[in-house]
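Listed next as structure tokens is one chain, alone, in the form predicted on its own.
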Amino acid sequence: MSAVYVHIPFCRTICPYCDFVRVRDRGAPVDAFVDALRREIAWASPEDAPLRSVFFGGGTPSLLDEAQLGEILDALDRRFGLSTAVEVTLEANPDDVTAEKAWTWRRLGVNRVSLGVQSFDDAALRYLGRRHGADGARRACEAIRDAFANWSMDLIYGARPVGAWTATLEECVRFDPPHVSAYGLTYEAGTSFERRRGEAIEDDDSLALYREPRAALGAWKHYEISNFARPGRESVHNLVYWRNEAYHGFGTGAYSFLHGVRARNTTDLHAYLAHPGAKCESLGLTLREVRLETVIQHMRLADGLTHAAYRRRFGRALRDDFGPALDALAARGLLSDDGVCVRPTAAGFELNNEIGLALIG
């Protein structure tokens, strides 16, 4: 399968923990950006594999007005064909969500919304620098739930007060979203939070918080390290990444992976407007590197990687390429191999970086 990622960089405010490519929308040339985006999409070469997903990320894609979003979707449809089988996801900030806007998105062709709730605790939301409050998050969840059968609730643990996490998960369960993403708060270089790294919680406390969703969301499948889904509601788009399959990236800073080449668009907005699709990075991977990345990415998934799938894709046996490393990881209790499939254990989810390091050798 293949996928399309569309990066919309504009934000009303900059969250202090975010290290994505983003710019304040105040005075930003949004219409000019949409025009540049349409040109970049028009120049793209569709892959042989059928398009399975489109994901609008950011930034804040929900800032786009109806005409702007419609123009981008029309450009994608002309270039790739957006059948009803294509998952079309829009990331949304709760502050932007109204019942009318949710139904407008659906009418335009969006069939999945990823809602950045982060927390249902006002103090935690203030700590995270979010524009919305807990009541606004609740109203947004209700509006999205009414309009979309398929949607995701995105949450962050580790914000102060740390103890609010349990109550947030309880509210999440009451809203019963088909998909839940639960990520640990990070203090990344280049963000406002970088100088607050001393406030980060201890590793043992972070692990305890990481384990809470697994218990609270027992009716959801813990299908990826940080993601939970009802049956059939796994993120089609993210599965393309985790299976190391082909995807196009459009917009500032967007990555693509096509024909064994991983490339990134320029991150500078004005450079992008002048030359849509211009790359600031491009790396051709060897076949060995593609095989390695494919195994590492599959070890993020509860379903793992079957020996048959590896042979179909690469024409050789998984154990011929990685047998000693797989055996060592199994001995440590991080992987299991029943002869049909290699998959991470619960410990392998919690120590997933160790799997990647061992496979790299």
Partner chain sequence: MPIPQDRIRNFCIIAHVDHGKSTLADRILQVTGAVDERNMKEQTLDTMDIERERGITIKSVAVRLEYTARDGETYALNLIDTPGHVDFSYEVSRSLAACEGALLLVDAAQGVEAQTLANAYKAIEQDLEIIPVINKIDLPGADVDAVRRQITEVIGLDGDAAIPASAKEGTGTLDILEAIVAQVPPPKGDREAPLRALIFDAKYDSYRGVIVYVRVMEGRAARGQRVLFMSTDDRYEISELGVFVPEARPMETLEAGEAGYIICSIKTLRSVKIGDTVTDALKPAPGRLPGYKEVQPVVFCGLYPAVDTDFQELRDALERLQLNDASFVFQADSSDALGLGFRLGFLGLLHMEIIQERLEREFDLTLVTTAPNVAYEVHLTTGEKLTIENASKMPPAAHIERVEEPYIEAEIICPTEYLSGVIELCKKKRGIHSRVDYIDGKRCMAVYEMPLAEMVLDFYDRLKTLTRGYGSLEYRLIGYRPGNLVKLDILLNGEPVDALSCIVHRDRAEWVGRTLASRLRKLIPRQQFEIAIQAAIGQRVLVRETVKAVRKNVTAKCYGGDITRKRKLLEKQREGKRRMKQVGNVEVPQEAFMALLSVQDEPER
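Positions refer to the first chain, counted from 1. In this text, all values refer to a predicted model and were calculated from it rather than measured experimentally.
What follows is about the form predicted in complex with its partner chain, which we do not show.
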{"property": "Listed residue (283, 271, 280, 167) with a non-hydrogen atom within 4.5 angstroms of its partner chain in the model of the complex", "result": "283"}
{"property": "Heavy atom within 4.5 Å of its partner chain in the model of the complex - the one residue of 247, 120, 220, 148 that qualifies", "result": "247"}
{"property": "In the model of the complex, segment of 103 to 111, 191 to 199, 126 to 134, 225 to 233 with a heavy atom within 4.5 Å of its partner chain", "result": "225 to 233"}
{"property": "Its partner chain contact in the model of the complex: residue 214, any heavy atom under 4.5 Å", "result": "no"}
{"property": "Proximity of residue 99 to its partner chain in the model of the complex, heavy atoms at 4.5 Å", "result": "no"}
{"property": "is_contact(residue 64, its partner chain) in the model of the complex, heavy atom dist at most 4.5 Å", "result": "no"}
{"property": "Distance check, residue 13 to its partner chain in the model of the complex, heavy atom within 4.5 Å", "result": "no"}
{"property": "Residues from 323 to 361 in contact with its partner chain (non-hydrogen atom within 4.5 Å) in the model of the complex", "result": "332, 334, 349, 350, 351, 352, 353, 354, 356, 357, 360, 361"}
